[in-house]
Every structure is written in C-alpha cells, then in structure tokens.
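Next up is one chain by itself, shown in structure tokens, the form predicted on its own.
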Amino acid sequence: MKHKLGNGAYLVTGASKGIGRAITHALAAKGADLILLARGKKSLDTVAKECREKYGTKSIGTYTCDLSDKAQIIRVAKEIQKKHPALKGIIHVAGYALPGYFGKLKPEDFDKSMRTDYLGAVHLTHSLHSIVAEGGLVAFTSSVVGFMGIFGYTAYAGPKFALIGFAESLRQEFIQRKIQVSVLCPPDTETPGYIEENKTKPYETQVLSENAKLMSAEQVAQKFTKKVEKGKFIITCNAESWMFYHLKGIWPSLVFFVIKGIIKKAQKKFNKAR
C-alpha cells in the first residue's frame, strides 16, 4: 500500500511546534485539509495562520488536548467526529522525553512518558480509527530510541519500543481496509523538545550524540512525506539511523559492543575530570 498525501483531512498531533509543525506545513503544501492538535491554543492558531497565508489552506480546525490525559482525548475525539465525518489520515507526532540517570528519575516520569508517548496515541487512534477512510493513513512517531535503547533514555525507550510493536499489529489488522500504517523514527532533531532534553541529559548520553548530525524538523518532515508515499512502514531519516536499524536487527551484539566502548571511554574521561 502506498498512500498519496493530500486531498483530504489529516489530523496531526503535536502540531504546534517542532516536527509536528513541519509535517503540518508539508501537508498544507500538498493541499490537505488540516485538523491540528496540541496543548497550546495560541501556538496552534499561529501554525494555522501560517498555513492559510503561505499555502491558501481553507479548512483548518484546531483543538487543544493533553495527550497524557485519557479523558481529554475522549472529549476532543468526540468534538472532531462531530465536525469531520471522515479522515484521510491520523499522524501522531506529540511526545514527551525526559532523559536522565535511571536512579534519579521519578516513577511519575515513567508514568507520564507512557501516557503521552504510547497510550495517548493508542487511545486517540482507538477513538477515531473508524472514520479513517479506506486507503487512508495512520502514522506514529517513535524514535531511533524506539528500536535501539540508548543510555539515559530508560523512561523514553519503553513507550517508543511499545509504539512500534503496536503499529506492527495494527498494520496487519488494517490490511482489509487498505489503511497504510507507518512509523517515523527520527534521530536527534533540532526542536524545542530537544533543547529541553539537553537540560537533563547525562554526560554519557551527550557523548553518544556528539558524532550524530542534528537534523532540522523540516528535513525530517521531508523524509516522512517522501517515504510515506513510497509505502514505507519504518521511516528512518538519515544514513546513520538506517544503518543502525538494520544492524541492530541482524547483529545486536555488535551494536552493544560499540556503544559500550563509547560509554566506558566517556565515563573514564568524566571521572578523571572530577
């Protein structure tokens, strides 16, 4: 199945900033109608205005919702169904990441990550999948950390791994309806969320990221739209993440060996500097 973007209504979560905003712009450029979801109304209204002025988008609906709150999801899903009897696609981008040493993270940090990054997408999809048209799209945003655990991301990796497993099962169930399921797995991307992550990243995590090229949200959105239209399930965004995805699948011990070496070297340097 290869989904052609445009000419229909797409719901985008996390649409007010970062990758969600960039994907919203990419959809608007293709002539899509937009249903935008995020926590902040002011930011959503700004994105809606940008799309009207730049692309001439006429049909744009904005809805505020905290995806870590199941009650809010059910409420907003009912509002959307009243105004939009059919969707061409649902694109989940909203997420939450709090890196840190496992022992220093709080139990509630894991709860919030699971509610936002996994259950939020599950509950919204469950509420709205019935109005996604045949041949439509349901896309999720996982991460490189969703197929390869990384030091400092214990609270983030679990939900992102779970999201890929959920998407794999959903993909099979949607075969009959010809609905394409895709999972975007971006690497480090220059977004407001990434800036927040850097405030709590362990030293080892920073070292692991040093050699990785930071992508822009617009570059990630371009990769996403291009690969969705090619019918891709797992969407990686650069050569490095593509390589690690495949290498992790066929030779996980080698990936661990390489990462372990980097971590041990970083810890040795850190301990000497103390």
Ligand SMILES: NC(=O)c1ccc[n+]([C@@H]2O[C@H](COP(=O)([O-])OP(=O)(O)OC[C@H]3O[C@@H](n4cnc5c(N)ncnc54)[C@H](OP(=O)(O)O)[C@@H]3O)[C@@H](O)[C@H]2O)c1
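Just count from 1 along the sequence shown to find any residue number. Small disclaimer: the values here were computed from a predicted structure and weren't measured.
Omitted from view is the form predicted together with this ligand, to which the following refers.
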Worksheet item: Looking at the partner-bound form in the predicted complex, is Phe174 within 4.5 Å of this ligand by any heavy atom?
Response: no
Practice prompt. Would you please decide whether Ser68 lies within 4.5 angstroms of this ligand in the predicted complex, comparing each non-hydrogen atom pair?
Written response: yes
Worksheet item: Does this ligand get within 4.5 angstroms of any non-hydrogen atom of Lys160 in the predicted complex?
Response: yes
Item to complete: Tell me, yes or no, whether Gln180 is in contact with this ligand in the predicted complex, where a contact means a heavy atom of each within 4.5 Å.
Response: no
Item to complete: Scan Phe110, Phe166, Tyr203, Tyr96 and let me know which has any heavy atom within 4.5 Å of this ligand in the predicted complex.
Response: Tyr96
Worksheet item: Among Gly40, Gly231, Gly249, Gly31, which has at least one heavy atom within 4.5 Å of this ligand in the predicted complex?
Response: Gly40
Practice prompt. Considering this ligand in the predicted complex, find the one stretch among 152-160, 76-84, 124-132, 102-110 with heavy atoms no farther than 4.5 Å from it.
Written response: 152-160
Worksheet item: If you look in the predicted complex, which residues in 158-188 sit within 4.5 Å of this ligand (heavy atoms)?
Response: Lys160, Pro186, Pro187, Asp188
